[in-house]
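Shown below, as structure tokens, is a lone chain in the form predicted on its own; questions about how it binds or moves come after it.
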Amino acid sequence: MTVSPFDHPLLSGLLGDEEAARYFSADAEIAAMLDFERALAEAEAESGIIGKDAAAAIVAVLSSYKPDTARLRAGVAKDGVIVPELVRQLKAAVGAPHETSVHFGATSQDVVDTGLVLRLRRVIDHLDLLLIENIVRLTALEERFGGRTLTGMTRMQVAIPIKVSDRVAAWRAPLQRHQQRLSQQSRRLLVVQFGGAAGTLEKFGDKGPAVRAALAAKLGLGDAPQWHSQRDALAEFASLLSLITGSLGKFGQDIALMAQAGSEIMLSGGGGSSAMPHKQNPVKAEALVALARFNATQLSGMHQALAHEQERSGAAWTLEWLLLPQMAVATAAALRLAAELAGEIESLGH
């Protein structure tokens, strides 16, 4: 049983995206956190913060390490975050004399936030490919039907004749801009988080920036000053997710309205009705509108999560965990549905 439609055993067939959801699974989250701990040990050893023997012991354990997830669950209930129990288990696995070098100088938020960024990198790659697929399919529609005529509609009333290419351009152009935005935002978002207890890297002295830079390089992330309580990059990313689904919602709304009129579009693969067998419901178009409205609603919560208290907030941080994964999966699902819907347009215009 699940409370989320995005991984519901039935509803996810329409609203889910398995590829995007995979990066928000418990296994993916733990794997990203362990990648952080491995890279941290290596970076600290190179800077002389911990011994090379200690780093080798930590890396050796991490090569096959599997935490006790039942204890992790209990730890989250107690500590509010997975990392304290994960580190306790990892230290026990490494054992004496090197257990004190595990997680040295880092804090839970470093692990969680950098782990999130590592997973968002994969999500962004997936979204970019889906955007490309939609742009290609809409371009193909324009090539097939662009010279045909449509009835232009303004304020839901008949206006003047337009070309199919005019309406397709209004569907495609925002997606091309979103692709550019995604590339631009990636440079700000895909950076390491490493600040230690209160963001000052107090245990490293003047070596803090060098350790952070080495950590970032080993993880393939950009180097940046700590951002424990500065959540604007995540909020900006959430805004882009809402922009993408909003543009796809416009596409879905247009298709649904054209299907209602029935004379200017022919679709295959419509949904059936239990009471009216003659119907071909524009299910995917409707879902695009719903997902656009869903993300627009969740975005306000991500903006609420910008208000961190002092150097770290537990409440605002937890709010992000509730919202951002669903927004990302909703966006991937919308892109998948839109590409499928574009491929089901058999005729457009006169």
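Predicted, not measured: the structure shown is a model, and the values here were computed from it. Each residue number is its position in the shown sequence, starting from 1.
Just so you know, the form predicted in complex with another copy of the chain exists too; it's not on screen, but the next bit is about it.
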Would residue 208 count as a contact of another copy of the chain in the predicted complex, using a 4.5 angstroms cut-off between non-hydrogen atoms? no
Even though the partner isn't displayed, in the predicted complex is residue 125 close enough to another copy of the chain, meaning a heavy atom within 4.5 Å? no
How about residue 36 - does it come within 4.5 Å of another copy of the chain in the predicted complex, if we only consider non-hydrogen atoms? no
Would you please decide whether residue 58 lies within 4.5 angstroms of another copy of the chain in the predicted complex, comparing each non-hydrogen atom pair? no
Assess the spot marked by 181, 319 and 322: is another copy of the chain within 4.5 Å of a heavy atom from every one of these residues in the predicted complex? yes
In terms of non-hydrogen atoms within 4.5 angstroms, which of the given stretches 125-133, 214-222, 200-208, 138-146 touches another copy of the chain in the predicted complex? 200-208
Using the arrangement in the predicted complex, list in sequence order the residues of 151-171 with any heavy atom within 4.5 angstroms of another copy of the chain. 151, 152, 153, 154, 155, 156, 157, 158, 159, 160, 162, 166, 167, 169, 170
